[in-house]
Ligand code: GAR
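Consider the single chain below, provided in structure tokens and representing the form predicted alone.
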Amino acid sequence: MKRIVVLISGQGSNLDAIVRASEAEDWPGRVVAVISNRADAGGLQRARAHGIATEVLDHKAFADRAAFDAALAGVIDAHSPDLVVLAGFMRILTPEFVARYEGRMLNVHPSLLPAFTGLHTHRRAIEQGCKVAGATVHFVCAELDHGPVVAQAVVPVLAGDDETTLAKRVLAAEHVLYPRAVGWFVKGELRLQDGRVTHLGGEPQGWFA
């Protein structure tokens, strides 16, 4: 049984989607711990409702990013994870931390990478006149919002959309996309080679949500 550790900073809706999918689809893997850098993160209560262990590690208690990441790695490793999942974890990670979990750490970003890395993705997509937007699940690398793409979901940008309406549509797509990608990993269905990710069974890795 694969062991998944999820890092959060907020409400944990993607966490909830992943946990529910793992149970409904009977994955050979489960979320064994949820770690947050914020004690008030709503996702902690979601995790507890599922009977999942939770821990809080306040980044403000550490002198710098490197010290926090070193402590975080210790907390993660205590759970012996096969996969680390970033689900709204609002921290920039050091290269040393990323290297520690290379090939076994996933993130979801609310854009069709490599477009619109960083923040304010929905506003920028609207300002640029994009007709579609979406979300990307990728393996984490040292460069922010880069790394081999596992899967992408595309949503339309509608006339009259603002940041809020587009964000809601993209988040709904994430709730399907992220569990699917995590499920592929725990089932051993992904191959990462030369910076490219393929699904061994040939399932589509991009679709319109």
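The first residue of the shown sequence is 1; numbering continues from there. Remember, predicted model here, so these are calculated numbers, not experimental data.
Another form exists, predicted together with the ligand; not displayed. Remarks below refer to it.
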{"item": "Met90, heavy atom within 4.5 angstroms of the ligand in the predicted bound form", "value": "yes"}
{"item": "Exercise: Pro110 in contact with the ligand in the predicted bound form, heavy atom 4.5 Å", "value": "yes"}
{"item": "4.5 Å heavy atom contact, Leu171 and the ligand in the predicted bound form", "value": "yes"}
{"item": "Distance check, Ser13 to the ligand in the predicted bound form, heavy atom within 4.5 Å", "value": "yes"}
{"item": "Contact stretch among 93-101, 80-88, 67-75, 123-131 - heavy atom within 4.5 Å of the ligand in the predicted bound form", "value": "80-88"}
{"item": "Within 135-153, the residues that have a heavy atom no more than 4.5 Å from the ligand in the predicted bound form", "value": "Asp145"}
